[in-house]
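Only one chain is shown below, in structure tokens, and it's the form predicted on its own.
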Amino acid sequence: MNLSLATGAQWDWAFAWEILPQLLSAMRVTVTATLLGMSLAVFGGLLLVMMRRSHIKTLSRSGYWTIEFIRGTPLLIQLYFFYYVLPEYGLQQSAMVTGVLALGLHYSSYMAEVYRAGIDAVPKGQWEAATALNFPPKRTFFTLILPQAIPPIVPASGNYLVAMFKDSVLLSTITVTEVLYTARDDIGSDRFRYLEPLTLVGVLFLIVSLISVAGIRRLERHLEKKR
């Protein structure tokens, strides 16, 4: 069954249903890369913000300039650097691993700023009370301050999760067979049809993004009830 469009192109439902399973399989790669990359970003951002807040000037400045450098350079260039430059120095990984590392590193700089805003929002009296009780700095940070900082940072963290999910299409440039690569190269170039695969990719991204947003909002409400 064909649906004629104003542009003269025709939508072929039979072809769309035929390629949907292949696109769904590739979408799993995209989602996996996003989740792994976000996991790295969460821990990497925490490490960077701890470096930046350190009382050791060298460590603090290193954290600051690392964040600024990563945020100031495009993700695509970082992907190319990881994939094409580092192997010349013996640091070679698969395209998928390279993509996950690049996504995680790039977004860790943004997560560091999210953490910083959440930590700064914790009342100073909490720090003073911990000092008065003679709590060790590590215990103060991880058991008192960080748990209070997490609920306010969930919305921003969720936004970056969705942003990373959409940016994951850049992994196609280093041959990761994620959903866009599959639609454009495996299906489009092979069958010489781009309307159906690219449209379906857009719809799949929209559906997963909406589900992610709904999950994030549910987590926000849950954390608000516990406060």
Partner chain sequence: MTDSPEPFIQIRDLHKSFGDLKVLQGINLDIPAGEMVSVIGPSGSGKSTLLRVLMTLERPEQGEVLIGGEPLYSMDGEGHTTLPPKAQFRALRNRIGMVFQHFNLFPHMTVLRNVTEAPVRVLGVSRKDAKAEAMKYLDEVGLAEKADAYPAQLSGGQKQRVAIARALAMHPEIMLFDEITSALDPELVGGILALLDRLGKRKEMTMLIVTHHMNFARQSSDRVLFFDGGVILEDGKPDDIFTHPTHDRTREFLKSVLEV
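Numbering follows the first chain given and starts at 1. Small disclaimer: the values here were computed from a predicted structure and weren't measured.
We do not show the form predicted in complex with its partner chain, though everything after this point is about it.
Ala132 is the sole member of Ile150, Val97, Ala132, Val85 with a non-hydrogen atom lying within 4.5 angstroms of its partner chain in the predicted bound form. Note on contacts: among Leu144, Ile119, Leu105, Ala156, the single residue with a heavy atom within 4.5 Å of its partner chain in the predicted bound form is Leu144. Comment: 119-127 is the region of 119-127, 68-76, 86-94, 105-113 lying near its partner chain in the predicted bound form, near meaning a non-hydrogen atom within 4.5 Å. Using a 4.5 Å cut-off on any heavy atom, none of the residues of 98-119 reaches its partner chain in the predicted bound form.
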